[in-house]
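Have a look below at one chain only, the form predicted on its own, in structure tokens format.
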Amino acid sequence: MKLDVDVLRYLSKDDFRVLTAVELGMRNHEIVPIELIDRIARLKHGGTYKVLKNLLKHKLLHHDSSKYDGFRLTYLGYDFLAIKTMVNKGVFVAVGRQIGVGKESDIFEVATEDGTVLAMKLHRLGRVSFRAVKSKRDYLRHRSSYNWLYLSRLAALKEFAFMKALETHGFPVPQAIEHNRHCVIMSLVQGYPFVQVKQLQNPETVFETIIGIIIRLAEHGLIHCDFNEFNIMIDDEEKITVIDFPQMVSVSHRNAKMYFDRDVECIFKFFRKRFNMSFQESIDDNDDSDKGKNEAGKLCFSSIDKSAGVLDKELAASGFSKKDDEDIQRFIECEVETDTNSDSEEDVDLASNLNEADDLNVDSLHLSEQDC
């Protein structure tokens, strides 16, 4: 679904109040009953159903009447709530063109009040074109019941926390600016996806740099788990920047060696095919050479010094708590089931939660002339 931020110009405070009411209702319901939406929103002059029709027209909500009359947020509605919050915080004032489309995210340019261009990443786990994610990502393995918006929020929270921690330790990553819901704002990397590069001035140097990053990550207790040419940026000076971190795991993970070996093989395979570099085909995990390498230059998981430990303190300081990590791990182990269509005492408190929230004004949002 295309993000048309121009629609924001025509949404009223009541529209956003009802949209937020649906979001709050989805804490306990997969499909939020109209009666509950009306009770949470508490519009001064009524008209909740009319507002719902307007939001439905702009595809910010999905209507479901299979079991009862109710609504749920779409990704577009979730986008608007995140963008509204970011604008109100002053994080950016303009949304520009789309600069990237991934299996699980969309990336747009945004501009701050002083004209600085940043990148806005909207996580979209579970999009129709990539439903196989549930069998390939830790969040969803073996699960039959899940909430894509919740998972996307966890992915954004995890990525923001890891970027903050890695930046603190001097890793070549984008600067993490802000996050809200499934949205992460980061510095715009000046460069190109490595997959688009056909020639390098110094392929050996670039290779060693990338290998060094993999080693340093492992030394700090982390494995990227998706370290390949699509998640590496390179500029004209052949400076490397690593992106995309929601799937990172600890070296203590039970499948850590498998993930590590897969990351290593992806890099070797790409350099073999693209730059005709020759390497030993196998990874010798019994080699004890320095910095985790064997004589052929390949990385050995067991020989890497992991004494630096994981980045627990930095991750907690960035907002990714132990409980958040446990939630993701429960999805791995199939222990979390989405509580849908259930009434609870929390429903009574949702209206007060909305009333206690600040009424955010989006009148200050300026939209780029470019299509997005």
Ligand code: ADP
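From 1 onward, residues are counted along the sequence shown. Note that the coordinates shown come from a computational prediction; the quantities given were computed from them, not determined experimentally.
Separately, the form predicted in complex with this ligand exists; it is not shown, and the next lines address it.
Student: Place this ligand on the shown form using its pose in the predicted complex and a superposition of the nearby C-alphas, then give a one-word verdict, open or blocked, with blocked set at 3+ atoms within 2.4 Å of backbone or C-beta.
Tutor: Answer open: no ligand atom comes within 2.4 Å of backbone or C-beta.
Student: Pick from 184 to 192, 267 to 275, 249 to 257, 205 to 213: which stretch has a heavy atom within 4.5 Å of this ligand in the predicted complex?
Tutor: Only one stretch passes the 4.5 Å heavy-atom test: 184 to 192.
Student: Taking the shortest heavy atom distance, is residue 225 within 4.5 Å of this ligand in the predicted complex?
Tutor: Outside the cut-off, so no.
Student: Heavy atoms within 4.5 Å of this ligand in the predicted complex: does residue 244 have any?
Tutor: Within the cut-off, so yes.
Student: Taking the shortest heavy atom distance, is residue 158 within 4.5 Å of this ligand in the predicted complex?
Tutor: Residue 158: no, not in contact with this ligand in the predicted complex.
Student: If you check in the predicted complex, is residue 172 within 4.5 Å of this ligand, heavy atoms only?
Tutor: Close contact is absent here: in the predicted complex, residue 172 is far from this ligand, nothing within 4.5 Å, heavy atoms only.
Student: Looking at 300, 177, 197, 119 here, can you tell me which has any non-hydrogen atom within 4.5 angstroms of this ligand in the predicted complex?
Tutor: Looking at 300, 177, 197, 119 one by one, just 119 meets the 4.5 Å heavy-atom criterion.
Student: Could you work out which of 103, 89, 239, 262 is the residue within 4.5 angstroms of this ligand in the predicted complex, going by heavy atoms?
Tutor: So the residue touching this ligand in the predicted complex, by this definition, is 103.
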